[in-house]
Structures are given as C-alpha cells and as structure tokens.
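Only one chain is given next, in structure tokens, and it is the form predicted on its own.
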Amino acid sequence: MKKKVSRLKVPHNKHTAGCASVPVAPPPEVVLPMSMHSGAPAEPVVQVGDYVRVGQLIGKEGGEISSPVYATISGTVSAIEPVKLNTGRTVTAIRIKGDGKMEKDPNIQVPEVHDLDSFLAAVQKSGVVGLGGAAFPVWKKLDAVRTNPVHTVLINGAECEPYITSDHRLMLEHADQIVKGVEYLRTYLKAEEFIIGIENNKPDAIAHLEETFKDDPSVKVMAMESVYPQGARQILLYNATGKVVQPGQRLASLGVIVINVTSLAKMAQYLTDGMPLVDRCVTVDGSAVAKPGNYVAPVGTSVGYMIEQAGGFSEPAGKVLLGGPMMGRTTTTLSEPIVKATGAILAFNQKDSAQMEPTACIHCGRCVENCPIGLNPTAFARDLEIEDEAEKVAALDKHNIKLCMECGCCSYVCPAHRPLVQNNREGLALSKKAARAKKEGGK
C-alpha cells in the first residue's frame, strides 16, 4: 500500500494563472553569469567591445558537466567581470549593452539530428537546463540512457510552489512544443511511456493536454493532489509511479527520467528552429507589485527592469525573492539578473515580509512529521554545533543530509520560527565540500 509522502498544504496564491505571457520590451542591458547551471562554469569566448547578436555563443562549456551561454540581446559586450549572485557565489559574467534591435545571429541553423549521438549533441548545444530550479544540464540527464534503458519519461508540470504560474502558461500556450518534445524523446531515447504530472489546481492545463494527447495512448496526463512539494522529483516519482529512489541512486537506473515541462518545450524549440535558450517566462507577483503577470524576458534581464515592466512597486517592498516563497532566495539588489532557472520574481510589502524572531526549539516534532522524506532538521542543527569539522560532516552524513531537497517544509511548519532550511543548506554545502575534497584527494 502506497504511503502519502507529501501532505503539506500551502496557500496556492496562483493569482497570475489567467495572465497570458507577455514579451517585455528589450532591456537596455543584460548580465549573463557563466554559471547558470549545475557543474562547471562556461568559459567566455567573446571580448569587451565585441558586437553580439541574439543566439550567438558567448560562453562555451567549461567541463564534463556544463552548459553553453548565448547572447540574449543584440549589442556590445561592455564588461566581463565578477558578479555576486543571491546564492552568495561570485561568478564571472558577461555584460551586454543592448542596441534595441534584437538582431538574430545569422549563423543560427536547425541542428541535424538522426541518431542518439547527434540528438544528445544538439540538446547540449541548446543550453537548456532544468528550468524548474535544479538547473542540471538536460543533455547530461538524457545521456544516462546510454547505460540505463529508459522506458518512462515523467514530465514535471506540477508547479507546486505558491505564486508561480510560468509552467502553467506554457502548458496552455505551447502544447505544440510539448508534443514535439515527447516525439523527440520517443524517437531517440526509445521511451515507451510518458506521464505528465500536473497538480489538480490547474484544471485548464490538464484538460488542454488531455485533448492534445487524446490520440496518443503512450501519453498519460495525471492530475495530482495539490500538496507541497509535489514537484520534487522524488515525490513526483513516487506519487506517479510508486517507485522509490534510494540514497545515491540515479532515477535512470529505475528506467525513469524526470524532465521539467518548460525544459522539454525549450529543448523542442531548439531542435525545431535552432534558437538556443535565450529567454524564459517569469511570473512577477507579490503584494508590492502593481501589475502581477507572466513576462517573457531575455535571460540576464535585471530584477528591477522586470518589476518596471510589471508596473513597478505599488508600495515599498520589504523583500524581493527570486523563485517561490518556499525555495526562493532573497536578492539584496534589483540589479541582479534573472538566470536560466528563474521562474518567478516575488516582491512583498513590509507587512508580508516581516521577519519572525526565532525562539527556542520546543521539540514538537513538526519538522520531522512534515518532511516529505522523514529527515530530522533538528538533528542537522545539532550536528552543525560540533566544532571538529570532520566529526561534523560525519554526523550530518549519518543523518542523511544529502537527501535534503531544501523544500522549506520544516521552516514553514516550525512554531518557533527556527532557521531550519538555512541550517540544512549549510549542512549540505559542508557535506558536498567534504565529498569533493575526498574525491580530488583520491585521484
């Protein structure tokens, strides 16, 4: 008998679900970090003063797992410089001053795809990563089919984060690209089953895709309970297929691949017209936004410019998030750029963003009870107090810190307002750092 592993009810606040996506006017400049994906940063292939066009390669892959970066507006490279992102990382970025023309690179062409190798090579050149937030290069995810035959593709249209509706709009507006994406994966991955998982708070998207795929028995549109974090790959996998991925196990070893619905559509777009990932739909919402909506903008556009396109602030903002309220991160500057995986910008007024003061843990157990995979955040907090670094990492690993999805459920339900998810992120970073050091030391 299946257990319900995901049961946290959060307010949907899908205010912009009925707002069709609208392209913004070309921004005056974009800032394109060379690290908008998991893995090694891309390496700049342009110089200050170069004129670039939309879709032109400006950053090539920098390692075994990496993703290229393309110019998202036409104009002149004005700087190649370090920028600090809201993750705390400082990365190299290419700044382009736009000319407003949005000229396309004349070298853009539809890739020739005729077998698995050419298909994966094309997906790699597309620059598409996990656009649901993980930002893992899609080509590398699909490459797993070389060693693990894939029979099921789970297309993630859950979009369980409150406020965000950009995936919802894509399912309504670009179902044709989803159809093409399915056909590409069927042809080159030899997948036999496709499940599109969508939370049942999107009945119009469910109905539209059911109609779209009514004549394709290999595609099932699955209406899923609107609970958080339904869109997490482990949760979606279990609720859709009943399968469980073990610690350290890759989903492909189960014969399954999970891909975000917008990632699938952007992949299909590149394979159809040759235009790499240069823009994306971003939900702009929150109590401090004048005209909430879904806006299609070049990657690298500043947060401030996006808010201007949404009518500006309706009242002073107390907090601005990139991403949803559960997993998003606060930005300290409106000049920060949106990146490939930015699905939303949320600006809240002073009242809605007031910070609650943490108090002592009362050992109520709600964080454990509401963790989708049964982790113990209070144990992680205690582990972080250990002074010896090696012992600290060992304790974190013993309590399975690497399984944490950073979904924020623990912090959401904590009556003492403890910074649990922040502790988890710190613990994850320490564990990953130690694992990298051990791997490099063993070479």
Partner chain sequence: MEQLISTSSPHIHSGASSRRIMLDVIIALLPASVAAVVIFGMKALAVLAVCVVSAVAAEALFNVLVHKPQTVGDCSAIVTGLLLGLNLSTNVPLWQCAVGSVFAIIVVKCLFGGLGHNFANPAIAGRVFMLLAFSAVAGGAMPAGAELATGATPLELLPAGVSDQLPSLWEMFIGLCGGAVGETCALALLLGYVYLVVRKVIKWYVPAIFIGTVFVCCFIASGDVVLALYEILAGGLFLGAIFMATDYVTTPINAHGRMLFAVGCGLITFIIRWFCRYPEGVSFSILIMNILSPYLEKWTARKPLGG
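Heads up, when I say rigid core I mean the largest set of C-alphas that superpose within 1.5 Å between the two forms. Residue numbers count along the first chain shown, from 1. If you're wondering where the values come from, they're calculated on a predicted model, not measured in any experiment.
What comes next is about the form predicted in complex with the partner chain, which is not displayed.
Though the partner is left out of this view, Pro203 does not reach within 4.5 Å of the partner chain in the predicted complex, counting heavy atoms only.
Gln124 falls outside the set of residues with a heavy atom inside 4.5 Å of the partner chain in the predicted complex. Using a 4.5 Å cutoff between non-hydrogen atoms, Lys319 counts as a contact of the partner chain in the predicted complex. Using a 4.5 angstroms threshold between heavy atoms, His363 counts as touching the partner chain in the predicted complex. Contact with the partner chain in the predicted complex, judged as any non-hydrogen atom within 4.5 angstroms, is confined among 251 to 259, 275 to 283, 365 to 373, 75 to 83 to 365 to 373. Contact with the partner chain in the predicted complex holds for all three of Val244, Phe313 and Pro325, each having a heavy atom within 4.5 Å. Between the options Ser226, Thr92, Gln350, Ser118, the residue in contact with the partner chain in the predicted complex by a heavy atom within 4.5 angstroms is Gln350. Proximity to the partner chain in the predicted complex, defined as a heavy atom within 4.5 Å, holds among Thr87, Thr147, Gln109, Gln355 only for Gln355. Contact residues in stretch 375 to 400 (any heavy atom within 4.5 Å of the partner chain, taken in the predicted complex) are Leu375, Asn376, Thr378, Arg382, Asn400. When two forms of a protein are overlaid on their rigid core, residues whose CA moves 2 Å or more are considered shifted, and Ser35 is not one of them between the shown form and the other one. With the core held fixed, Cys407 shows a CA shift below 2 Å between the shown form and the other one.
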